[in-house]
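One chain is shown next in structure tokens, namely the form predicted on its own.
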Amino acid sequence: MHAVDMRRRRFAAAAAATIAAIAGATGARRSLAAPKDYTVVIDGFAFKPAELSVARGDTVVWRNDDPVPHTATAKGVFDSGSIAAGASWKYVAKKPGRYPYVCTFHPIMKGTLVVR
């Protein structure tokens, strides 16, 4: 192998290590997985599934299959407002945590969104 090729390889390896160190120090490393979409169906005065776990950046759609309006409300985190019968509302999960939510019109309806 030529000396020039060896120097290029060493330089490339050193550059890659430096970039990885900077990315790790700044928190720039992120999952390369593409965001996913999930659906919570509102049916029979219930959120289905009652608990959903998603990753930060994923989108959750609440689809109202009941004949009356509902909400998906996690106080201080998200609030769909009124979701009419046959309509839907979406939310992009931003901050990790466990977020219990209710329908403000029908407080017996409860669900939990877990963001990892």
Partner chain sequence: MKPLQLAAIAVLAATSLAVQAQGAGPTDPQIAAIVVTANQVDIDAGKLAEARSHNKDVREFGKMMVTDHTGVNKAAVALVTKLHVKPEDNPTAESLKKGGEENIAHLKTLKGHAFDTAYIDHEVTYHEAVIDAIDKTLIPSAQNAELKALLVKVRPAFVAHLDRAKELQAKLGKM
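Computed from a predicted model, the values in this text were never measured in an experiment. Residue numbers count along the first chain shown, from 1.
What follows is about the form predicted together with the partner chain, which we do not show.
- For the options 68, 74, 52, 87, the one in contact with the partner chain in the model of the complex, meaning a heavy atom within 4.5 Å, is 68.
- When the partner chain is considered in the model of the complex, residue 99 lies well away from it, no heavy atom lying within 4.5 Å.
- At least one heavy atom of residue 44 is located within 4.5 Å of the partner chain in the model of the complex.
- With contact defined as any non-hydrogen atom lying within 4.5 angstroms of the partner chain in the model of the complex, the contacting residues in 83-116 are 105, 106, 108, given in sequence order.
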